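As a starting point, one isolated chain is supplied in structure tokens, in the form predicted alone.
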């Protein structure tokens, strides 16, 4: 496959159809998009594809991936994504997850860290850092949209997306992403109570990248998350909220490529 080539397909993983796009060739990277599903549009992906085989895979319920009724939490998604990596024959790819998919990636790593060479978590949720009455992860569903936008973005105006040019299929995917995000993250809210007790199993080089103005999960939460993973490093992106990869793509690209290369 040439570095300019892209292939998009539906891969059936033990009866579950998964939306996959592959770009470039070389050392593999398995990239799992966030609940926003916009990471495939980042320029850094094409840059990485010059020297890597970048596999962009949407978990069940996101993108065009099927969501069986029996699936109820990110733990279920993690097993499917591990099976996908195996089925695609990926030889120790670097694993990159964003926000909700950072949670999925962490669940994958505690199950089989040996399947991957490196782990990158970007603004990941998934663990409860404080006590039962501490708000570690802001509620993004029950608060006013303007307040949620301020949590998510250093510049809340960037929360506004123009859907006027989207096809019916694209709009259906946006709605389905929101529905699946709520389904898998509602209860317990945006975390697995057991995950933080398993993160010691992550035995590969790990880097956490955070927006310095993230209001969904603050940089203090990110540092505490990193502290649960042996040897993990932590870095912030200036003037970025919960999605540094979307809000400050150049600074994010620098942080990501430095760690991967």
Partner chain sequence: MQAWHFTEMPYPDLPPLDTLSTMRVSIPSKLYDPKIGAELYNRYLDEHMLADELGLNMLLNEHHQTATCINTCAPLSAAILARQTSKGRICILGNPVANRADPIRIAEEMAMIDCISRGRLDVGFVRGVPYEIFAANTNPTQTVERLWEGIDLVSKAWTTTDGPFNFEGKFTHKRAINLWPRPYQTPHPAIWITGSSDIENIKRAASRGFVFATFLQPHEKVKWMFDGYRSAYRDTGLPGGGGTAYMPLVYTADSDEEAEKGARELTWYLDAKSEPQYRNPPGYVPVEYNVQALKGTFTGRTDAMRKQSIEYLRDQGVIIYGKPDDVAKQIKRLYGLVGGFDHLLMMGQAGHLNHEMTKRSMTLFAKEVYPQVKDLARTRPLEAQAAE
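This one's a predicted model, so the numbers in the text were calculated from it and none came from an experiment. Positions refer to the first chain, counted from 1.
Another form, the form predicted in complex with the partner chain, is not on view; read the next lines as being about it.
Residue-level contacts in the predicted complex: of 83, 179, 155, 76, one residue has a heavy atom within 4.5 Å of the partner chain, and it is 179.
Among the residues 130, 145, 89, 114, the one placing a heavy atom within 4.5 Å of the partner chain in the predicted complex is 145.
Judged against the partner chain in the predicted complex with a 4.5 angstroms heavy atom cut-off, the residues 171, 175 and 183 are in contact without exception. Taking non-hydrogen atoms only, residue 134 never approaches the partner chain to within 4.5 angstroms in the predicted complex. Only one of 90-98, 105-113, 136-144, 122-130 lies within 4.5 Å of the partner chain in the predicted complex by heavy atoms, and it is 136-144.
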